[in-house]
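This document starts with one chain, in the form predicted alone, laid out as structure tokens.
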């Protein structure tokens, strides 16, 4: 029997009805022995996620305001689930512990982690599984960085003796017992770490969509799911805005060639998308798997005659960025130019002094800034390796009357990165999607 780690996201655990769906999914395959859950998400469009309610509790407590109303909303969400499932669970005691923490000197990451903690406790009770608190086996350093090696040993030691378990997602702790969380969507990472720690045969990520779509359905309504995607392709799509899986969730399982299967809790019979290193026999690799983008970008252009001959010019620029802890998306160099693509919201606080230092230290012939740009990635390990694919994509943009601000393709040829003005972002995504048929091949 294969061993499966199944992670269920916030929408999958939003209420008692969703809990019942999870139980049916888990019971349908005895290999689903280890379950990871997020905090309950939205039940309807204008609902509030439990994590957001907990964040509000923390904000109010930190400002010396009353948090009782917000905490009561949290309590009610969980109490409704408990009542509808007819469980006996000491919720008031757990809420009392959280209240006492909020009344003291509250620690934000502890507070916002309680959604996953309580959801996992209740889910374990409902399934009859052992609850495993990641506080004891998802290991962070004191600076809040995950310790992957120690996590793998501790998590494996905690889970391997168990027949079945429910693990809370999103958080862990350092050696001093201080809670640390991943970024939003971090329960995906918990699931991946769990699959790696036990050497699972498959990692299932259950959400509210039937796999990875070839484009954002809010932009391309007819966007179709992709059957197979490589680990590298998924990381690129996730980083560029495809929100189906946390970017960091790929690494732990890819090292062990554990496939990731993205499934829909509300359509459990749909096979979804599978992320693998190599395709199964008989499957044909499609050239372009998807298109994704990120608006809110700025382009910094630095020109100086024969800059390519000036030793250390680019290194000085990168050192300026490092000093400000200012990450960049791309750095393009030419014979007379260095071009940086940076998120606008990150650049804004440093813009004036960054430009002043460039002028002072590098004496450029020209220093320019383009704002309100979007970066679009056309992703496919085979598709962007062919000039025909690139020509078709660029021709589609030309036919749509969309001007290209920047274009770049790395040596790995995993993706073609195109910059367009934000006003043309959605139009560009739609134009590029027309070059991909429902199977992902170029038309």
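Numbering follows the first chain given and starts at 1. Just so we're clear, the structure is a prediction, and the values are computed from it rather than from any experiment.
Beyond the structure shown, there is the form predicted in complex with aspartic acid (ASP), which is absent from this document and is the topic of what follows.
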item: Of 287, 295, 241, 185, the one that lies within 4.5 Å of aspartic acid (ASP) in the predicted complex (heavy atoms); value: 185
item: Answer option from 374, 51, 70, 415, heavy atom within 4.5 Å of aspartic acid (ASP) in the predicted complex; value: 51
item: Touches aspartic acid (ASP) in the predicted complex: residue 170 (any heavy atom, 4.5 Å); value: yes
item: 4.5 angstroms heavy atom contact with aspartic acid (ASP) in the predicted complex for residue 39; value: yes
item: Contact segment among 364 to 372, 177 to 185, 91 to 99, 326 to 334, judged by heavy atoms lying within 4.5 Å of aspartic acid (ASP) in the predicted complex; value: 177 to 185
item: Residues of stretch 56 to 71 in contact with aspartic acid (ASP) in the predicted complex (4.5 Å, non-hydrogen atom); value: none
